[in-house]
Structures are given as structure tokens and as C-alpha cells.
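The form predicted alone is given below as one chain in C-alpha cells.
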Amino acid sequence: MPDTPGSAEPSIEEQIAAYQREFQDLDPQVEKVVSALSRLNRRMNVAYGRQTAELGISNAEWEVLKALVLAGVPYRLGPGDLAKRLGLTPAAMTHRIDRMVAEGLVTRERDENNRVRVIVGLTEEGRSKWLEAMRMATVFEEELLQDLSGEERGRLGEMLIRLLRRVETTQPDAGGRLRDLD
């Protein structure tokens, strides 16, 4: 039975059964966790994409805004730093910055201390979009986790961070893109 009505996607249990028919060494507990995480990630990305689209920005632009906010006041970074933080090639970052400058979300100015260097800064419009996206995401995330107690949320968060650390240790390049996809 599919996970959602009208979905062509098999349920996780059906998927595991099919995989086990073809690959007997499969650990169904591991597959259940990995499949659930994968589907949850995909569905969350769709939901976040709808929210950012409602604001007139893309998920890719949201990531740039987020990186600038995380850099702290005065919300400025060099394009190379942005590219590294987002796992993008310099060409992809330049293309993204061009679009965002045209949309009034960021500025691109020469560094006053080094006229060869360029600095990307967050505009008021960009910060406003970031704040509204955060408000929308907070509502969505609270609804997503509403069936978990505070203690369960804490335990789940700790377990997911352990998994994330494992991936970051064993697959250090997994946070970025290996080729230009933008």
C-alpha cells in the first residue's frame, strides 16, 4: 500500500520487501531508517521550495541568504567563501550572485581594503525575505514534529546528529557538489 493516497510510490515496507527479494543481505531495520530519512528529506525540500517560491526566491537563493546571516553582522562574505560554504563552483556562485544582485537581495561591492576583492552583502530586502522564510519554516517544522514530545524531539535530534557526524567523517565531501549543477 503506498505511503500516501494516490501515490505511485510503494510504501516503505513494500520497498523493503522488494529489495529483500533481490538482495538478501539487506538489513530491513537499516533500510527502513534510510528510506524514511530519504523520503522525509525529499518531502521537506518540496515544502521549503513552495515556501521560498511564495516569497519569490529559490531554495538556492535562500541558501545564500542563510550563509550571509550565519556570517553575522554586517552579513558580508566574499564569493569564494560563499562558494565553499555552499559546496558550489566559483562559476555557479557568480551566476547565483548575478541573479540575486538583479533581484535586490544582495549587493556586490569592491572590498575597500583590497580593491581586487569583491564582497557580497545582504540587503534589507534579502534579510526581509530570509526572516519571512524562517517564520514560514518554523510553522511547518512545528507541525512536522507536533506528535513528538520535547524529550522525543531531543533524542531524535541527538540521534540524527550522530548520523550526520558519521557521514561527515566517512564522506567528507558529501556536503558539497562535485560538479557545477547550478
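Just so it is clear, the structure is predicted and the values come from calculations on it, not from any experiment. The first residue of the sequence shown is number 1, and the count goes up from there.
Below: the form predicted in complex with the DNA, not depicted.
You can rule out all but one of 116-124, 132-140, 150-158, 37-45: in the predicted complex, only 116-124 has residues with a heavy atom within 4.5 Å of the DNA. Using a 4.5 Å cutoff between non-hydrogen atoms, P90 counts as a contact of the DNA in the predicted complex. With a 4.5 Å cutoff on heavy atoms, T94 counts as touching the DNA in the predicted complex.
Shown alone here, R76 lies farther than 4.5 Å from the DNA in the predicted complex, counting heavy atoms only.
Shown alone here, G80 lies within 4.5 Å of the DNA in the predicted complex, counting heavy atoms only. In terms of contact with the DNA in the predicted complex, the residue from V33, L145, L26, A60 that brings a heavy atom within 4.5 Å is A60.
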